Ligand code: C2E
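Taking the form predicted alone, here's one chain by itself in structure tokens.
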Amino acid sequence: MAFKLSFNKKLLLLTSSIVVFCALILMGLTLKQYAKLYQDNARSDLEALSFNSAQELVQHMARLPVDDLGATTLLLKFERYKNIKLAQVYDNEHNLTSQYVNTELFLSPEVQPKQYTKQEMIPGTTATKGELVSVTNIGEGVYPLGHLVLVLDYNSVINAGVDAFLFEILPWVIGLLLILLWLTRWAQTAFISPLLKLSTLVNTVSETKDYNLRYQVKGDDEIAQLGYNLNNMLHTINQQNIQRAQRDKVLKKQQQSLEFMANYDGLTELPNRKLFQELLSQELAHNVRNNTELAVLFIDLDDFKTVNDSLGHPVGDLLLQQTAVRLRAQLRDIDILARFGGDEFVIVVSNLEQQIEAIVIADRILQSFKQSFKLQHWEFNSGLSIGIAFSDRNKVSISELLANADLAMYRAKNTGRGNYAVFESSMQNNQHRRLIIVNQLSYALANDEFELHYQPKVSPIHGVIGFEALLRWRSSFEGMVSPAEFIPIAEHCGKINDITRWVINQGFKELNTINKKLHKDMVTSFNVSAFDISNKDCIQYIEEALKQSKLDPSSINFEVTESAYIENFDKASTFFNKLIALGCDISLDDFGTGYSSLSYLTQVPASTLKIDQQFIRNMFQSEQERLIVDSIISLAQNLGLQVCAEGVETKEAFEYLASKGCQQIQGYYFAKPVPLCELPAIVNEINTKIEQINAPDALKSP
């Protein structure tokens, strides 16, 4: 196990090291300064001694021959200087005449004193290898009598001084270090001990998870503040633990609620789509083991949107709840009922001996819904459309089974609602065709397979006054595809906005051509859907197309069906107001077929009402429908609106509508929708026809 130092020991070791290091540095600097001072003093003394001795040697060196004995005797006086290592006298020819050697400093007899050369005989004092060498001229003038060389050994003196210094100062230094270390230890104990207690408390809390423990705060220094903050933190954590425990109870209940929400519909408390698919998978596996039949009933409420829009969503929710109760009452205990989403329900009828059993259940459900619902203070009848698909002794997958039931439901809805339909393979063929059309729509847009045909709008007085642009698809794989077929598919797959963009851009280009060929400005109508109204970019590309085509906006009319604007009236109002701001007009198409046309009529800035063709075609067979036509025309006249009747196919219908003041007539009586190239001829033909109708009887052809 590796040895670990505590924080306290680490701090003590660091402090001690710093104190010792500082003491050593201080002693080193002191000794260095001592050596420098000694050297400076020794240099001064040596130079003075050398000068005096050189003066005394003059009398001996001036004799001829040189008085070597006297000079040697004079040099013996250096014996009293313990640090003079060598004294030498040289004559003016640089010959050594006498010398003094301090034998105590020359420890080895083999080491001979150095003799200095002529080049080294430069007066002055130099320091080298612990020695001071002083060279002094004997005698004055340019030609001295000789030279005196004195060598001072200052290393030994300095070493002796250092030893003495250390001997004297070291005990004091050691004592001072011990005192400093003791003070450091005391300070650490005084200041670090609270930190150690804090550390111990934190470790204890970490191990025991007891957040009720507290630190005993003493004083008001930073450590005390740290302890105070730690206590606050422990208190906060303890409170959070208490709250978390309370939240855990709530979360456990919420988790149970979430599990319910994940698998069940909150409104009807029926299994939702996710759980239903799991249950269906289990039932299919069960039927495989028992070799029995299974049926899925796909149910859609008829006119549910009408309830939501007219009576409000709370009433719609009540209808869904009562629907769930009524459906459950018609089923067996082993049958599975789920809400698939919106106003769609699904039922799994398993363990069938014969397929007729599922049909009997479907018929029983339809019969039960003939009784009206009581929703708050409203009484409402709601029918069902039911699609039935069988597992075919488990030969189809879950996705195929649901898709088949869905297709059958749409077949039931298309046959008049309030019915059931059993899935047949031919329905898949229809679905396959829908998929082909979906895939070909993008190709058609990219390869200009769409084209516009124009049906004239005829004034009983002035002749052709405008057109309705109608989309046609001349497909490379199918030939002409009816708009009644591909438009709903385009809406369903999200291509309708791209198609509308193409119609507007192409129509605005062709409108310039129409005006040039007819030598007059015509008003052309374009149809927009609920998807276009909801598309925030629609107004922008209409505006851009107007700028590029340089058309007069007043020559553009947009036809909107009642269902398109009622689905989201707020967005529709914004859309209409922006069109009006651009200078375009609005027509309400298929007027009279909706359930709330009159309630919305005053809120829509329309300039024209188009009477739905079903009233026009039947107005001579049904007195009621003729009265509806009369009422719409009268209503429009009272509101200052134009009236356009579409679907006019007979002279009798034309004359009746003209007599009632209908300003615009549209239908096969005058012309079918035709391509742009045929338009001038058709316009001339219609105008001629109107002139003949309005000509005096005497001028009419027999």
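One rule holds for the numbers: they count along the sequence shown, beginning at 1. Quantities reported herein were computed from a predicted structural model and do not represent experimental measurements.
The form predicted together with this ligand exists for this protein as well; it is not shown, and the discussion that follows is about that form.
- Think of it this way: in the model of the complex, this ligand has a heavy atom of just one of 587, 97, 136, 527 within 4.5 Å, and the residue is 527.
- The partner is absent here; in the model of the complex, the one residue of 200, 482, 476, 376 having a heavy atom within 4.5 Å of this ligand is 482.
- This ligand in the model of the complex comes within 4.5 Å of no heavy atom belonging to residue 441.
- In the model of the complex, this ligand sits beyond 4.5 Å of every heavy atom of residue 574.
- The closest heavy atom approach of residue 472 to this ligand in the model of the complex falls within 4.5 Å.
- Interface residue remark: residue 649 is counted as part of the site for this ligand in the model of the complex, having a heavy atom within 4.5 Å.
- In summary, the region of this chain contacting this ligand in the model of the complex, judged by heavy atoms within 4.5 Å and restricted to 66-74, 39-47, 24-32, 640-648, corresponds to 640-648.
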